[in-house]
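In the block that follows, a single chain appears as structure tokens, in the form predicted alone.
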């Protein structure tokens, strides 16, 4: 696990990160989301020990990054936004060099490098110079160097930036595979990427944490259930009955051209209570009112909606 506790970072009079606390649990892919300039890269640089926080504490597997820097860095593989590649080396030579830097046992290096190249899809280009590779392959090499030494935590800064659509799909699939064996924390400003890959999301805005939650909670699988319904009954008769349901927290009436039909969004307590789940309570109510349901389906907030709410000024 990696954890930040009340971390701040100042550059002179500018505060890039303010009182930031969050964690990335073991065995999860966690997305660090924010607009450009939100403090994502600064946060990752502190988390990986690239530079220290002005105040606060960075913990890796319970160890303080400042007190036990060497041990902490052994636990982390890091891909910066610009991969630290040596263009004059071959892919295999470069990865062997990185393994030596990370103090992998010398006799284990050849097999370890072969395994990493297989995982990252680099076997067929292992003898090519890094400088002759396409952008997609260079990004794969950058991820491969982060895997050297088999660290339990992988940190990636904008891993798909600048790639074409096919390369993006390939890198995302690679990240899914990595998530089966490592804790993965990666930053991105691409909402679909976060939504496809992550079990947990952290949203930064102006260097501050504005939202931290599991994706299941953000997508509507938490304590609140939102339903959209079209019901054959006039609004003035239906609305008081809906508001009287124990599970209903809020009713929003939607525009419709038909006076005899009311469309609503219901915000409900997902558990429902003793009278059953929200859908059951709604069906029983409408049966008693002889009000046919023309349409009913659950709604989930998109990550875009969550992000825009979290980062809206005021």
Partner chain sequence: MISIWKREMQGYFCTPVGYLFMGVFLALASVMFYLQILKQRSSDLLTFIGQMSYLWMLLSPVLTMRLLAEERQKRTDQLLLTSPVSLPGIVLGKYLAAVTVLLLTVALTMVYALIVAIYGQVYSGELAVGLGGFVLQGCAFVAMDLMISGFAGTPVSAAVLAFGGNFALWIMDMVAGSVSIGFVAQALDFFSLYARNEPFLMGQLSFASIGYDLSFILGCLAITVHALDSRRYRGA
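Fair warning: this is a prediction, and the values are worked out from it, not measured in the lab. Numbering follows the first chain given and starts at 1.
In what follows, reference is made to the form predicted together with the partner chain, a form of this protein that is not presented.
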Heavy atom within 4.5 Å of the partner chain in the predicted complex - the one residue of 102, 189, 226, 200 that qualifies: 102
The single option of 205, 172, 73, 182 touching the partner chain in the predicted complex, heavy atom within 4.5 Å: 73
In the predicted complex, residue 66 touching the partner chain (heavy atom, 4.5 Å): yes
The partner chain contact at residue 145 in the predicted complex, heavy atom, 4.5 Å: yes
Residue 78: touches the partner chain in the predicted complex, heavy atom cutoff 4.5 angstroms: yes
Residue 82 within 4.5 Å of the partner chain in the predicted complex, heavy atoms: yes
Location of the partner chain contact in the predicted complex, chosen stretch of 26 to 34, 49 to 57, 270 to 278, 251 to 259 [non-hydrogen atom, 4.5 Å]: 49 to 57
Contacts with the partner chain in the predicted complex, stretch 88 to 111 (heavy atom within 4.5 Å): 88, 89, 94, 97, 98, 100, 101, 102, 103, 106
